[in-house]
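Below, in structure tokens: the form predicted on its own, a single chain.
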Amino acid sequence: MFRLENVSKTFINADNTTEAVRHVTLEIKDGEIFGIIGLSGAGKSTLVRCLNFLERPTEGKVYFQGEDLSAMEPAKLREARKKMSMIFQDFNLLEQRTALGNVLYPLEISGYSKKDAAEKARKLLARVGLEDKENSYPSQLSGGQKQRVAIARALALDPEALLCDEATSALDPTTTEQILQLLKEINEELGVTIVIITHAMNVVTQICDRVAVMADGEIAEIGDVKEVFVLPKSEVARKMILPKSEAVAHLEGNRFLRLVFDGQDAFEPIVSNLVIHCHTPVNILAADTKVVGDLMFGQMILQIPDDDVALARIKDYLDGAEVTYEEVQNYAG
């Protein structure tokens, strides 16, 4: 679907120069849900705007369905962009139009007849669960309802790709889960490739197939969501994945292990058995669970004695129990 080769984007003004995206190379496959995650200022939003050439890269090439966007004439580029719709954090709805009117807008400017446009817009509102809100204005809708209207509008021209720029950041957790489920259904039923920009790891683990982790405008790591969650390779991924705990914010100079459990072994008393088997006390500093795809995963941070012999016994036990683990340096919650 998308292929980026050594893409960079630099913003230059009178006061400074900002390298928002630096030398990014990646591929997004047809039909997948691809996540791009990073902390604030990582370059995520700039990168997604390079995908559809709302921002023209300073260097590198962006291919969409095998064609180089930079080589396209303006008219052909506009046609290509019709196949890529965007959903934004602040919804970008037209306040003077009803829900139906907002979905109608792209159909109207694309030359649909009034009858065909109205029929299609109503089907799309029904698809996102808002058939009873077609005459409501944005000011009369909740945040989740506004985003559903925005999704229906984004689907109006039958796009091949849906680019979501922090689409759930303004929503509460329950509504976020509902919107993500809706996007997953759209992906499965319509085959639309979805790219999700987010700073929230729970968004990625709930819906994405693969993820790229960004830091300072670059790709820190990329892989299947399960692989990145279980064994993150980059420092920024670790920060976003490790559970936070205020109670351990001031611990220094200790040793820590991060254990990752899948659905099969999450119910086994691993820690209790570890203490008994290894004759070594451990301290549970933090633990949480996440849904990755359709599976439940858990992780736990253990503080262990600063003793090489005890650590060797613990690792030997975990290896035998086939528990995934890694030693974490300087864990501070």
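Numbering starts at 1 and follows the sequence shown. These figures come from a predicted structure and were not determined experimentally.
What follows is about the form predicted together with a small molecule, which we do not show.
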Completion exercise
The listed residue (210, 127, 199, 83) that reaches within 4.5 Å of the small molecule in the predicted complex by any heavy atom is 199
Exercise for the section: Identify which of 58, 280, 45, 52 has a heavy atom within 4.5 Å of the small molecule in the predicted complex; exactly one of them does. Expected result: 45
Handout entry: Residue contact check: residue 39 to the small molecule in the predicted complex, 4.5 Å heavy atom
Key = yes
Exercise for the section: Decide whether residue 160 counts as a contact residue for the small molecule in the predicted complex under a heavy atom distance cut-off of 4.5 Å. Expected result: no
Exercise for the section: Answer with yes or no whether residue 324 is in contact with the small molecule in the predicted complex, where contact means some heavy atom within 4.5 Å. Expected result: no
Practice task
Flag residue 20 as yes or no: does it have a non-hydrogen atom within 4.5 angstroms of any non-hydrogen atom of the small molecule in the predicted complex?
Solution key: yes
